[in-house]
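So this first bit is one chain, no partners, the form predicted alone, shown in structure tokens.
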């Protein structure tokens, strides 16, 4: 019987129901899911290697005769140790088994066996090659299991299914579904890269040909695997490209006008001379705003690069064209900070700015909603509250989404739905490596602010252990005496915001009555009432407070040019990007600034790498590349929201070189396909887009 890729595994009669349940629990529900559950590695059973030519550190197959068996119990750990000596015509080696006494009955002198494992050296008998707890088979057992003479695929463990059972299921499915394997890649792409077809590629990765070098398999450089990597990224990018063409390149958006009067207003708005990078990016965005197609652009910029003033200038263009603009931030604190900045900048131009967040009183909220609906609030700043059902805009034409990585694709779509195809500018101060940006935001144009405003001082970063903590705070006191201000960030406690607040409160009390006694300290955290939080922040910015003890609520948004010191307690608990964001709170004025990382004397290997990276690099883009290598794309901000946790074969770190090429291939193919196919092609593209959106967990179209 021939199965389809979409056939549920529960409908295949020869897969037992208990195994179907185990597979479903692992996210494997269809024939396609199982065929794309690729081996995690391969064992090389092609040919036994002579014992005299074994290479330490490699997994190897050997074939020899058992010459001697030794049994021993270690005196301290009481481990039952078994040493089996194996010999062939080229030499002798030792097989070591821990707590497997039954192997002594199985492996008797004179018996010929296969052994497979990693080659090392025995601690006591270092002159012999050694394998610890290897797989051992008699020749007839190996033949019965069809092991010798091929690569043996090893699969991740799934419930009660052994890797051998998974291999059996997959090989049978490949035989029964081969004719039903649709080809998703265009023929032009397969010819361009000399890719095999889909059926051949899947057959190869599940049972590689024995003439392939093991190094090719270990580095995933074989053509079959590369084809599946390309396919994975191609389908994701194709969905983004179709969505881009169908949604954002149809001439139904707003063509804003940028008149000389509006240009004069922009000059009045800007509180300082723009950098070359800011001018370039502003021109890119304004050029797009004047087109009838909806703008859809990502603005990347390092901490302090001046993204918000660019967004403000674009919002002013929308307002002067008779439209409303909104700015959505992920937290109330960041929304409040944007509100104060925009209100200050727009006051001379007599442009009202409204704030809409969850913490408003009922009467305040009702009044703000009325202003928005009647168009009396041309600029609105807020959080997720901006796209709730009861929010009605008079004429929303421009949307700014700050800290994009904290919002999913659905959030973007819901706020855009409040207007008639408004222009959308998404911003992030968490720089994203180019390969990841092209994949996460394949439906966006990307602008990069890669230059800091003049006068900014590089932040000097230091790392000290807790034994020098007292010296750190004596030095902080000296900085406060010099008229500077300081942030002091308490340890990050992932499990509970409440615990983190308690930690901040304890740190505040400790410093107020200890090393910083007599100085004006403030405490801010996410559980303070909005009015109290505003009062503390204002007092710090105005200079009434000398130091601010805080949780990570000050990670983004707080702007105080006089703050020159950032102390981060237990820096080993923070991620690299978060440490970089915190460091970016200082160095915003002309005075020399410092970031002090305090950790225990002993920290984990990953924490050491993060701290060393922060000491060596200042650029957020360098930091982002290191973070990508350290954590992988699945853990980086924004990846889960964008659906990339579902990539089946591709790895954005390992396969980053493919991404720019694939994006170019996809753009060409999508445009050519839609141009040649007319309305029928458009409908087919929409059907594909719905299927793709469901697979990647993204918003649907049409």
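Positions refer to the first chain, counted from 1. Quantities reported herein were computed from a predicted structural model and do not represent experimental measurements.
Omitted from view is the form predicted together with a small molecule, to which the following refers.
Among heavy atoms of residue 575, none comes within 4.5 Å of the small molecule in the predicted complex. At a distance threshold of 4.5 angstroms between non-hydrogen atoms, residue 211 is out of contact with the small molecule in the predicted complex. Within this chain, residue 302 lines the site of the small molecule in the predicted complex, having a heavy atom no more than 4.5 Å away.
Shown alone here, residue 583 lies farther than 4.5 Å from the small molecule in the predicted complex, counting heavy atoms only. For the candidate set 253, 153, 134, 306, a heavy atom within 4.5 Å of the small molecule in the predicted complex is found for exactly one residue, namely 306.
Taking a 4.5 Å heavy atom cutoff to the small molecule in the predicted complex, the contact residue among 206, 570, 418, 588 is 588. Only one segment in the set 275-283, 366-374, 347-355, 539-547 has residues whose heavy atoms sit within 4.5 Å of the small molecule in the predicted complex; it is 275-283.
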